[in-house]
Structures are given as C-alpha cells and as structure tokens.
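Shown here is one chain on its own, the form predicted on its own, set out as structure tokens.
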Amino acid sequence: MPIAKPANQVASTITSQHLSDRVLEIQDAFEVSPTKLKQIVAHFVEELKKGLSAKGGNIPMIPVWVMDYPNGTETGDYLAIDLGGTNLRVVLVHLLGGQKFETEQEKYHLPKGMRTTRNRDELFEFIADCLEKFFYKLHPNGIEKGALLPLGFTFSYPASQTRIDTGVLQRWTKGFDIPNVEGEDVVPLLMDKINEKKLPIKVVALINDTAGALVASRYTDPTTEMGLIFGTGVNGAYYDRVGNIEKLKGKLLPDITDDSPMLINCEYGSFDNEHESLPRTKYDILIDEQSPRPGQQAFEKMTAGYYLGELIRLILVELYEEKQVFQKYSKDSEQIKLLYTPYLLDTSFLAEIEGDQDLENFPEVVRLFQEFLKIEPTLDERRLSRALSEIIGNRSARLSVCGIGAACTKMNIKKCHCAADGSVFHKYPKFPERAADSLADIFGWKEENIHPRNYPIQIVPSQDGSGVGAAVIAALAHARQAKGLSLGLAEAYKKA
C-alpha cells in the first residue's frame, strides 16, 4: 500500500487556518512526484556515465582499486579507523573466514571546532592520539619487534586514488573546511603523525565508508550490489567494469583487463550541481548560498542529515517573521536568538519529533524545544513541527534513493540487496519504508502489484563498512598483491 502523504493528518488538527494552509504550501514545495523521481533518475544515470568519461563531470566516480569480490574466506587481523562527520572510530577486526568476524572498538568524539580548524596538523594529531590510546589499551606491552599492524583508513570524503594506499582529497564535505588538505595525499599526512609516536602501524588501504559498506556486506551476503550511506552525508558505491571507465583507458598495467570489476565510489552528493533536475525550494537555495561552498554538493544539501535540521530551522524562522509562531518571544529574547543560530538544530531534532508517539500532546516535541531552543511551544506549534519533520523526512528519503535507481539502471541490475548505513537510515523514523516506497515509484513495482516485502531491490542494513569493510578490502588487496597483480595506475607503480 502506498505511504500516505505526510503532514496532512497533523496539519488538519492545527487550529490556525493560516498556519495550516502554510503547512500545506510547504508540503507542496517539498513534494517529489513519481514522475519527477523518474526524471531525476534519468538525469542521474547520464551524470554517472559522465563522471566515468575522460572529460569527467560533477560526480567524481572515483575508482577505489577494489578489483575483486569478497567471498567470506578472507582472514587476518586489521586495524581500521573511520573519520566520519562527528566521530572517529578505531576498530581492531579479526577476520575469521567462513563469513565470520570479531571486532574490538572505541569511539572518540571530534572536538568542537575540529571540522573547521585552521591548522591541518590538529586533525591528524588527533587521529594519531586516538590510535595511540587504542593501541596501548589492547597492547600495553607493545607487539612483537618489527611487526606492523596493517591499517585500513576509512576516509569518507571525495579523494582521488592512483593506488589503493593513497588518497588525494578533492574537496571537503560534511561541514569540514580545513585548509591545506585539499589537493594533498592524506595518507602521508597521517603516517607522519603515526611515525612521530613510533607506533607499529601502517596504512595499507584508504577506503570510503560507502565502498566499505558494500564489501563488508558482500562478505556475508553475495546478493549485495550497492553500498549506501544515509547519514551526515549521502553516497553510493557499486562495482562497474574497467571497460566502462573511459578515464582509465591507456593508464593501466596489462594485468587489468576491460572485464575486470572495479569498485566505484560515486561521491554523488555533488549530483546536479548545475540545478537541472532537483526540485529546490527557497530554503534549499538559502542553505546553499549560506554554506561554505555555494554551488557544490547540491544533492547532499537536499538529502543528508547534516542539513535536515537546518531546513526546519529556516522554515521556523520564516514563520516567526510572518508572526505565525513563537509570538510570546521578542526578537531580542534568548529563545529567538537561539532560533536564529545556523545549524543549531541537528537531524536528531527532527527524528525525535517524528518519533513522538503521543499525537495528542506531543510531550517529546515539548522536551526538544525546551532543550534546543528554551521555547515552550503551543499545541499548534507542536503540531506544526511534527508536520514539518514529516515533510522534510519524506522528501529526504524520496530523493536519497535516486542514486540507487541510477546505479541499478546503469548496470541493468534487476534484483539485489543494497547495504545501507548511516544515522538517517538507522535512526530516522519511517526512512526505510519511505525509501522502499520511492524505489517502487521509480521502478513501477506498484503497478505490478508487488508487495513491499517482495520488492526486487531491497535496502538492507549493512555490515560494519568502516571497520569490517576496511579489513576485508585490506585482505583483498593483500591477496591480489601476493599474486603480483596491480592495484593502481601504471604511473603510480613507476613512481614506486
């Protein structure tokens, strides 16, 4: 059964007719019809192809030098670190074979201001400090002299790789804006700090969390064809064929043939930077104009967790200025100054509003407004916030799956599992159901009367991409290198 349009039910309970009308106007602005979804996917397919061409395009389509499918027999001990948008995670992965693994891990919260520090050394020193703490917690007496722990570095930002153990940052995303890192290989930047601490650790593979989600999940489920991130950022990865990657022609050693698989990290948060197909609202335009990088990451700014809280904040500010909400608070009050603070509201604000089960009084909404804004919302304001959260959450889910539609269309994949990770996928109420419903709109499954549990393309929770995925990729790389096969551009091996 199709998912009902969000917000109508809640909007109808708002006593202020003008406010109720405004909610429906906003819902119309955020509506993405099945026809529009199909148009976006068609454009998306062409943009994926363009990214693989010699000329290139908005979507980087980065070959990540994972050129084999895992089969669950890989074994070994590997360190993995994951530099995400909000945390650094350090993991020791024991690959046991037989599609089994064990992990030991710690999370370290990124210090305030780290994402925009003016000194790049602060970031890499922080990572090395965390590695040092983790290493000596597990090995208080060190490890055997001369031994090295191989490290898979999950670096989930657009980076070009001439080999599997390199990564030149193309541009920061997810709110990072640290100077003197773009255009640099981040592996030696980290290894310098690791070596200063004399830690017996070596980066053997730089991976992306999306590629890791695909590989980790395929380790246990051979029907997995895509890795997906729906979190602070949004991204997808899939296996293409080397012969389809025009920008690699003439640049590879002979052991890599046209029919060789190549895992592609799409980095499709930059889809439609030209604004040709995505249905942007005035709020999306404002977010883009006020961002550190206007004109970049168009798709991410409309779908990813980093921006969803900002969308509701901008709408609430507009409604306050229209004298529709929070009228007991003056413009110079602490509450309204908080409301005017960019990015004060994160995605958890919307997710928890949608998670409020009491549709009469919305006690969770009251708590959230008090916690974030020190505002005591009226009942109408609570209903409004619930309706807006549903509107924003629904659009995010509908647009997010266009990447799945495009990759599966391009590779003619009719049936598969797509392994998803990220805070929005796991914690945002109804996101998986809305995403499945939107895929059905894209592929026409509703017209075929297919029950949702039988949809041919299913989004499933991924295995631990940034930990286990990094370990499996390192294991695949080691096995390939042991056979004397290349994992990079010919020129990268000449330099080595």
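In this text, all values refer to a predicted model and were calculated from it rather than measured experimentally. Residue positions are given as counts along the sequence shown, with the first one as 1.
There is another form of this protein, the form predicted in complex with ligand GLC, and it is not shown here; the text below is about that form.
Novice: Which residue, E381, E300, D165, E74, is the contact with ligand GLC in the model of the complex, using a 4.5 Å heavy atom cutoff?
Specialist: Selected option: E300.
Novice: Note which of S400, S385, N394, T173 lies within 4.5 Å of ligand GLC in the model of the complex, where distance is taken over heavy atoms; exactly one does.
Specialist: Contact residue from the list: T173.
Novice: With heavy atoms only and a cut-off of 4.5 Å, decide whether G233 touches ligand GLC in the model of the complex.
Specialist: Flag for G233 set to yes.
Novice: Quick check on S389: any heavy atom within 4.5 Å of ligand GLC in the model of the complex?
Specialist: No, S389 is distant from the partner.
Novice: When the contact criterion is heavy atoms within 4.5 Å, does F362 count as touching ligand GLC in the model of the complex?
Specialist: Contact with ligand GLC, no.
Novice: Does any part of G405 reach within 4.5 Å of ligand GLC in the model of the complex? Heavy atoms only, please.
Specialist: Outside the cut-off, so no.
Novice: Tell me which of 373-381, 181-189, 142-150, 205-213 has residues with heavy atoms within 4.5 angstroms of ligand GLC in the model of the complex?
Specialist: Every other range fails; the passing one is 205-213.
Novice: Do any residues of 137-161 have a non-hydrogen atom within 4.5 angstroms of ligand GLC in the model of the complex? If so, which ones, in sequence order?
Specialist: Stretch hits, in order: S156, Y157, P158.
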